[in-house]
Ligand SMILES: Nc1ncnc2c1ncn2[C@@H]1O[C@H](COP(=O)(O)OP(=O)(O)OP(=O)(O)O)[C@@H](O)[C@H]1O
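Only one chain is shown below, in C-alpha cells, and it's the form predicted alone.
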C-alpha cells in the first residue's frame, strides 16, 4: 500500500490512523498477542509513520557503512518528527512514545577479528545509548532466507560439532534478542 492509495495525507491526524484503529481494538489485540512485530520499508512514508506511531520501539538495522549510519541518524530524526507532529493540541503531549534503537548487522570477521571498517563502525555505535548489539555476517543468515528457516531451526538440525563451531554466533544473537526483550519489558 502507498500513501496515495490510502489517501493519508488528506486526513486529519495523518500519522495516527493506525493508532486510532489499535485504540479501537486494543482489548482484542491484547487478548491475542504479547508482542506485535511490524516490518516496514526503510522509508519516510505516511504508512511507515503510522506504524511507528503505534510502536513502543523501532529497531533500526544497519550494516557498517556510512550510508547505513546515515540511515540510522535519519530514522532518529524521522521518529522525532512524528512525535513532534502527533500531539494532543491542548497539552502538546505527543501520542507517540516510540524510541528508536540500533542493531548492527552483517558485522564481518576474519578469524576471530572484526574487520577494520566494522571495528570503526562498532566504536562509534557502541557509544550510542540506544545501541542494542550487532549480528555477525554469517552464511547461516543467508541460508535462512534461502531455506525459509530461521537460524534457530537450523541449529536443531546441526550435529554437535556444527553447534560447537557456531557457539559464539548463537550466544551473540541470543544476547541481542535478550537486549531487545529487556527494552520491550521496560527493564
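Positions refer to the first chain, counted from 1. Model, not experiment: these values are computed from the prediction.
Same protein, other form: the form predicted in complex with the ligand, not shown, and the subject of what follows.
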| query | finding |
| --- | --- |
| Residue among 99, 105, 117, 94 with a heavy atom within 4.5 Å of the ligand in the predicted complex | 105 |
| Single option in 124, 142, 38, 30 placed near the ligand in the predicted complex, where near means a heavy atom within 4.5 Å | 142 |
| Which of 134-142, 64-72, 22-30, 155-163 sits within 4.5 Å of the ligand in the predicted complex, heavy atom basis | 134-142 |
